[in-house]
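First, one chain by itself: the form predicted on its own, in structure tokens.
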């Protein structure tokens, strides 16, 4: 699971969960995958990304690297920053771990890079 995917996931489909975001991420195994840098992709996806969530997740898994705590206004023109955003959003792959709903504590496993967010009938 890419960190870009994590940034968009929530557990608001569960009963009694208002937002279910951001999901807490625990990583047991991760890989750095080779993905060709696509500046246009990064520039187009970043307005949709919750940057604060991304930074806090990166700190939690020890991968913040060179990202600043706040996204600078000139981020679109900063090629080094765009490359670092590309690295954290699409190159870091969580292979084994889990996601936890911040409201209910419900845990969703990640196996072979795929988060299993299926719930029992009585949970949703």
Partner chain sequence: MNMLRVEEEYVQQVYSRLAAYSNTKEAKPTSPRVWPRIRQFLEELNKGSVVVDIGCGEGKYRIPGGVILGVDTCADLLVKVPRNGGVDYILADGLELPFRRASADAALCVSVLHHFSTELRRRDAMQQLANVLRPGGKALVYVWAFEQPNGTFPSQDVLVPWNLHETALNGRLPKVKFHKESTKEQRIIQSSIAVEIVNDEAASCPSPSWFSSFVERFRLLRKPSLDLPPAAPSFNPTPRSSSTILTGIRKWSPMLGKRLASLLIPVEEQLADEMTQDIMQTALQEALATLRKVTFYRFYHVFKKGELEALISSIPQLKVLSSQFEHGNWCILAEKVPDASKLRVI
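Residue numbers count along the first chain shown, from 1. None of the values given here were measured: they were computed from a predicted structure.
Keep in mind the form predicted together with the partner chain is missing from the figure; the text below concerns it.
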Find the only residue in 69, 28, 74, 44 having a heavy atom within 4.5 Å of the partner chain in the predicted bound form. 44
Indicate whether residue 24 is a 4.5 Å heavy atom neighbour of the partner chain in the predicted bound form. no
Indicate whether the partner chain has at least one heavy atom within 4.5 Å of a heavy atom of residue 79 in the predicted bound form. no
Contact test in the predicted bound form: residue 104 vs the partner chain, heavy atoms, 4.5 Å: no
Contact test in the predicted bound form: residue 36 vs the partner chain, heavy atoms, 4.5 Å: no
Within 4.5 Å of the partner chain in the predicted bound form: residues from 97-124 (heavy atom criterion): 112, 113, 114, 115, 116, 117, 118, 119, 121, 124
